[in-house]
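Shown below, as C-alpha cells, is a lone chain in the form predicted alone; questions about how it binds or moves come after it.
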Amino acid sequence: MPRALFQKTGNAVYISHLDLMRLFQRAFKRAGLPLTHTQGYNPRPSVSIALPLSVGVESHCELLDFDLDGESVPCEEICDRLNSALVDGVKVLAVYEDGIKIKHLAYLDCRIDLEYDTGIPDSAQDAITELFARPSLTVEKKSKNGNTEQDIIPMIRSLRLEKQDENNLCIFARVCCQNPSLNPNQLVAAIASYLPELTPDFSKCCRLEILDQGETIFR
C-alpha cells in the first residue's frame, strides 16, 4: 500500500481530522486517482492517517496510507497530482511504497511555543525545567469516556527549553505517541496546573518528526 508524507501548516491547521480526511478523498478524485473502497454494507475510501492531529496543531511529518484502484501510477506523479488538487497549507512532501508498519511508530518530536505578552517571567525557564524533571507529574486527560488522571513523566523521552526572545520560550520534547500516547498540549496543561503564574498568554504546538522504537526517523 502506498504512503504519503505530508505537512499541514498555515491556516490549514484549523482543519479538523475528519475534514482533512474528506479533503484528501476529494483531492484524489480531482487528481484522477481513484481509491479502492472497503468491503461491507457501508464502503469507505481506503485512506487513513496515522496519528490524528488536534485542531490548531501544525505538522511537518504526517503520514497517509491509501490504496489506488486501477493501473499503477508512479509515486512522483501521484505526489504532483495530489498537490495540484490540495488547498494551501496541506502539501504532500513524498509518496513511496513499502512504508514501515504503523505499529512500530513510537515517538514524536515536537516544538511548543510559549508566548508571554509582557515578557517571560523571571526564572520561568528554570522553574519549568525543574517541573518536568520531577519523578512524577499528574495531569488530567480528557477522553470520550470522561476525564482521567495521567502521569506524563514516563511518556517524556527528553525535554529542553530555549529562550527565543524576550517574550517567547520554546519547549522541544520527544514524547511517546503510541501505547501509551502523550498529547504535547498536556505539557502546557501541566505548567498551568503546577505553575499557574507561568501560564503563557498563548501557546502553539508543531510536530517536527516521528520516530520508531529505536528512535530513528519513521517512514
Partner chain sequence: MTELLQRILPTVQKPARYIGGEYNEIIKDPAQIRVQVAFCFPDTYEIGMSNVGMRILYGVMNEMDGVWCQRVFAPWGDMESAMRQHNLPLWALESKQPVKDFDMIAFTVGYEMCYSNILNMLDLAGIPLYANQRTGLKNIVFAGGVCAFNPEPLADFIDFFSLGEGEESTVEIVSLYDRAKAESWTKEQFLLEVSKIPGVYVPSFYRHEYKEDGTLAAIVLENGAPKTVTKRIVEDLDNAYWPTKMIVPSTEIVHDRANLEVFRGCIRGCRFCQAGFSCRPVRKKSPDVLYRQAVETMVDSGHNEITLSSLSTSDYRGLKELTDRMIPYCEANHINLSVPSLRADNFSVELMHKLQTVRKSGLTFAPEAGTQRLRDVINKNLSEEEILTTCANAFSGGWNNVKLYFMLGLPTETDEDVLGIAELVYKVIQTWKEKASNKKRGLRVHVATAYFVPKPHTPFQWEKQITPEEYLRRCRLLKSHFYSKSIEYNYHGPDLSRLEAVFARGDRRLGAVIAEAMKNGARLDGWDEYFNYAKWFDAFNTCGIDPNFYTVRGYGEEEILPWDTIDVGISKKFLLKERKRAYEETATPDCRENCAGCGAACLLKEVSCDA
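These numbers come from a predicted model, not from an experiment. Positions refer to the first chain, counted from 1.
Beyond the structure shown, there is the form predicted in complex with its partner chain, which is absent from this document and is the topic of what follows.
Inset, instruction - Using the partner position in the predicted bound form, report whether S84 sits within 4.5 Å of its partner chain, counting heavy atoms only. - result: Yes, S84 is a contact residue.
Inset, instruction - May I ask you to check whether E197 falls inside a 4.5 Å heavy atom distance of its partner chain in the predicted bound form? - result: Output for E197 is no: heavy atoms all beyond 4.5 Å of its partner chain.
Legend entry - R30 within 4.5 Å of its partner chain in the predicted bound form, heavy atoms: Heavy-atom contact with its partner chain at 4.5 Å: present for R30.
Inset, instruction - Please check if E97 has a heavy atom lying within 4.5 Å of any heavy atom of its partner chain in the predicted bound form. - result: The answer is no: E97 has no heavy atom within 4.5 Å of its partner chain.
Inset, instruction - Give a yes or no on whether each residue among I15, R26 and D117 has a heavy atom within 4.5 Å of its partner chain in the predicted bound form. - result: Every residue of the spot touches its partner chain in the predicted bound form.
Legend entry - Region of this chain that lies against its partner chain in the predicted bound form, out of 173-181, 186-194, 36-44, 155-163 [heavy atom, 4.5 Å]: The contacting stretch here is 36-44.
Legend entry - Residues in 196-214 with any heavy atom within 4.5 Å of its partner chain in the predicted bound form: Counting only heavy atoms within 4.5 Å of its partner chain in the predicted bound form, the contacting residues of 196-214 are D201, F202, K204.
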